[in-house]
Ligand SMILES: C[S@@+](CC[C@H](N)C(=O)[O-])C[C@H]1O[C@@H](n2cnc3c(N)ncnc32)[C@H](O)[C@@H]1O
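Just the one chain here, laid out as structure tokens, in the form predicted on its own.
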Amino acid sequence: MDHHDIHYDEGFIRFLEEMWGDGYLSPGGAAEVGRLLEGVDLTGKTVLDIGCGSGGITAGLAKDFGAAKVVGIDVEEPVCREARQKVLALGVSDKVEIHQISPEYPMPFEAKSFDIVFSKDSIVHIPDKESMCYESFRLLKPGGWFVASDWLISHDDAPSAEMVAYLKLEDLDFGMASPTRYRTALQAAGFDHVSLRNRNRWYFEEAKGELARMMHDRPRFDATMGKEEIDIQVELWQAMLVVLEKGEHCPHHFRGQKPMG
């Protein structure tokens, strides 16, 4: 993991929640979490949520998906504070813990501690995908699943000029990797049944709607961060749509299982 300054301050958290729902800092809200977890039964399971953000997903894994224990981790204090409040508000503090951890390995958990290692659109902030996959493998019980979504780049070559422009506007320490690199990293760590699902077309349509909503409800969005900041976000979304349309920006779901042996 990388060391970086605080990116998710209170204003930015409010903006993202205005876009994606209370407690959600990534696209699709609760519905996309459900699609990501298709075929994975969390009932009675112990789950690690890497990059818990402001806690909506983390709390929901216990409240809506039946996990017995969920440990949410993040490197930034403001989102951890928000997540703890969310856990209390939703009445799941007996099942959910939130930990601010330092961005380094090994994580402060015993090997074979979790049935599921989960992450939604957070690994993009971790440049070293290979170490992250090895660490997730270490933390899983035999037979456990790594289940994640993230923002990927479609290739391993230098990013296009359009992608460079988009990433400069994002300014979030993004370390985008390709589907090939993720598959190789998961397999090298020891995972079986590795699968990837491209969500590019879904998010291209979703992002067009997000931009339209930002423009239509402009006074409400301006109130969250200020007009100048929302001007920047509008420019960012416009740049993102370019690289989504050409397929270079390609969000994916991906998963792998730790062998029983």
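In case it trips you up, residue 1 is the first one in the sequence shown, and so on. All figures in this text were calculated on a predicted structure; none of them were measured in a lab.
Just so it is clear, the following notes concern the form predicted together with this ligand, a form of the same protein that is not shown.
Asker: Quick one: does residue 25 come within 4.5 Å of this ligand in the predicted complex, counting heavy atoms only?
Answerer: So residue 25 counts as contacting this ligand.
Asker: Although this ligand is absent from this view, report whether residue 116 comes within 4.5 Å of it in the predicted complex, heavy atoms only.
Answerer: Residue 116: no contact with this ligand in the predicted complex.
Asker: Is residue 135 close to this ligand in the predicted complex, meaning a heavy atom pair under 4.5 Å apart or at it?
Answerer: Judged by the heavy-atom cut-off of 4.5 Å, residue 135 is well away from this ligand in the predicted complex.
Asker: With the cut-off set at 4.5 Å between non-hydrogen atoms, does residue 129 touch this ligand in the predicted complex?
Answerer: Although this ligand is absent here, residue 129 would stay clear of it in the predicted complex, with no heavy atoms inside 4.5 Å.
Asker: Find the only residue in 75, 71, 147, 139 having a heavy atom within 4.5 Å of this ligand in the predicted complex.
Answerer: Only one listed residue qualifies here, and that residue is 75.
Asker: Looking at 37-45, 51-59, 228-236, 200-208, which stretch has residues with any non-hydrogen atom within 4.5 Å of this ligand in the predicted complex?
Answerer: Contact criterion met by 51-59 only.
Asker: Need the contact residues for 112-127: heavy atom within 4.5 Å of this ligand in the predicted complex, sequence order, or none if there are none.
Answerer: Result: 120, 121, 122, 125, 126.
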